[in-house]
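The chain that follows stands alone, in the form predicted on its own, written as structure tokens.
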């Protein structure tokens, strides 16, 4: 009996040693050598793992940067130019500096500007709400107000304003990672150039309905009148599908478009003095529609 136990232990021990040796030689044979620069690049990354660079995390970005022939298609929006300079130094590449970006909410549909037509009684999610119907107001393009953008922001840079019902971006915290842009089912959040001294001008509306329809749904909607296009001396504004858009690379911040916009759809941010507005069009009279309640399964 004792002999059987001893031989069992010996056989198991020998078998374990043999299998360990086999695994060792297999590991050595198929070992994948990893470029040590990957660890160096990862070490200088901010470690946010936000996905703003287009990769799953900082490690994945580091691997892609090391394998790439240059850094033209690799950029960390959180770390910005300082981090990219460190990455370039490790890899021996040159890197082009990019202008700092910030998330911008392109919706004027405050509670005051957009009268409700119904009430949503379901799961508080913009994605779910957008899949069910167009929204609580007559504007099918505006913010749905459930705060999906807030929940995905890892930097506490965006919050919902209870008075306006719209998201507000804290530009001091925003890293332009783009998470809120991807989360918004209506596409009202855009990454734009912060601008010199953080000054910027943009059309805060994406409503593509014709002027009368857009104006009825929201008092501050872009009505596609084209006054801003005609006024801009820098050819920075285009009018497509009844809505104006300002190219921040061409915009010289003269604010002439802000002055002539009849609905106030064009916003100027961080300027020390407000521009004197010249209204060339009487505001349309908006009748408040009858409100109704829409209930859905939570």
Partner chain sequence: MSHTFSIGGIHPGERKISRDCSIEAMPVPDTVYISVAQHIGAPAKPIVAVGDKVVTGQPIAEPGGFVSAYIHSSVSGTVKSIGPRKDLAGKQQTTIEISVEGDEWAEDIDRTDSLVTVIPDDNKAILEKIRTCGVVGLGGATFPTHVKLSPPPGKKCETLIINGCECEPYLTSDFRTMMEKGEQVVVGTAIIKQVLGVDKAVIAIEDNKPEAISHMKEIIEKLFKLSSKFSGISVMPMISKYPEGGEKQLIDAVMHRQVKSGGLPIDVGAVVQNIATALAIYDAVQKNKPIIENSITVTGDCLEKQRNLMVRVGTPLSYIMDYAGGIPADAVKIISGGPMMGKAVSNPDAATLKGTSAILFLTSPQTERKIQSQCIRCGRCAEACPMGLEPFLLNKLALNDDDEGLEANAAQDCIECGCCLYSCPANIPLLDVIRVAKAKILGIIKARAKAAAQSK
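Positions refer to the first chain, counted from 1. All values reported here derive from a predicted model rather than from experimental measurement.
Form predicted together with the partner chain: not shown, discussed below.
Novice: Go through 82-90, 188-196, 113-121, 164-172 and give me the stretch that gets within 4.5 Å of the partner chain in the predicted bound form, heavy atoms only.
Specialist: It is the stretch 113-121.
Novice: Consider residue 212 of the chain shown here, and say whether it contacts the partner chain in the predicted bound form, taking contact as heavy atoms within 4.5 Å.
Specialist: Residue 212 lies outside the contact set for the partner chain.
Novice: Decide whether residue 99 counts as a contact residue for the partner chain in the predicted bound form under a heavy atom distance cut-off of 4.5 Å.
Specialist: Outside the cut-off, so no.
Novice: Please determine whether residue 203 contacts the partner chain in the predicted bound form, using a 4.5 Å cut-off between heavy atoms.
Specialist: Result no; residue 203 lies far from the partner chain in the predicted bound form.
Novice: So, residue 133 and the partner chain: in the predicted bound form, are they within 4.5 Å at any heavy atom pair?
Specialist: Yes, residue 133 sits close enough to the partner chain in the predicted bound form that at least one of its heavy atoms falls within 4.5 Å.
Novice: Have a look at 128, 225, 150, 183 for me and say which one sits with a heavy atom within 4.5 Å of the partner chain in the predicted bound form.
Specialist: Only one listed residue qualifies here, and that residue is 128.
Novice: Since the partner is left out here, which residues of 138-162 would have a heavy atom within 4.5 Å of the partner chain in the predicted bound form?
Specialist: Contacts from 138-162: 138, 140.
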